[in-house]
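The form predicted alone is given below as one chain in structure tokens.
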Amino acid sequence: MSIARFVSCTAVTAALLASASVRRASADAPAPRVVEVTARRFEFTPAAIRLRKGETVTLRLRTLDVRHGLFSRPLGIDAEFEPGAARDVTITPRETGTFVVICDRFCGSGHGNMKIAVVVE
């Protein structure tokens, strides 16, 4: 076996082992905590959510009336959800602070006050 072929085989083997290790770590990771968020004109329930920095959380969105949106640029949230179907949005906050998450789908006269305070500690 030539040196070049040996080096090539070694690199491929190392890549395969690293890939298997990553897959095993992902399979062993705990499922994200699920936070249920319900929307209806003109409020979200809960109105505030506490998360930990680096914690992966799934927001399970439901609406009781019309289509709503959920948006926060700093948290990477941009979702719409419709009556009769849950929508999951998984996030991992990377910064601490208090973030305002808004409904960005006009749903009526009180739409401008429809928000959630997300506190990341």
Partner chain sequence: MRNTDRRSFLKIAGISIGAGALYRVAPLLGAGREGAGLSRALREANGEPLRPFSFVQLSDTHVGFEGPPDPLGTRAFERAVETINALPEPPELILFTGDLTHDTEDRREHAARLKRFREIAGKLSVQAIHCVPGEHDAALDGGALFRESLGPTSYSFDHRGVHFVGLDNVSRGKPEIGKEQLAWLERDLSRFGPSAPIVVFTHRPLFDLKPEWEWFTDDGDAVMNLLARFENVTVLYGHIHRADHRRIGRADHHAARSLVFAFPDPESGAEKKPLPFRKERPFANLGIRRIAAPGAPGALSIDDVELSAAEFSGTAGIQQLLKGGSFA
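Note that this is a predicted model, so its numbers are computed, not measured. Residue numbers count along the first chain shown, from 1.
Same protein, other form: the form predicted in complex with the partner chain, not shown, and the subject of what follows.
- At a distance threshold of 4.5 angstroms between non-hydrogen atoms, Arg62 is out of contact with the partner chain in the model of the complex.
- Taking the partner from the other structure, the partner chain in the model of the complex has no heavy atom within 4.5 Å of any heavy atom of Arg40.
- For the chain shown alone, Asp78 is a contact residue for the partner chain in the model of the complex, at least one non-hydrogen atom being within 4.5 angstroms.
- Although the partner is absent from this view, Arg73 contacts the partner chain in the model of the complex, with a non-hydrogen atom inside 4.5 angstroms.
- In the model of the complex, Val100, Ile102, Cys103, Asp104, Arg105, Phe106, Cys107, Gly108, Ser109, His111, Gly112, Asn113, Lys115 are the residues of 88-121 with at least one heavy atom within 4.5 Å of the partner chain, listed from first to last.
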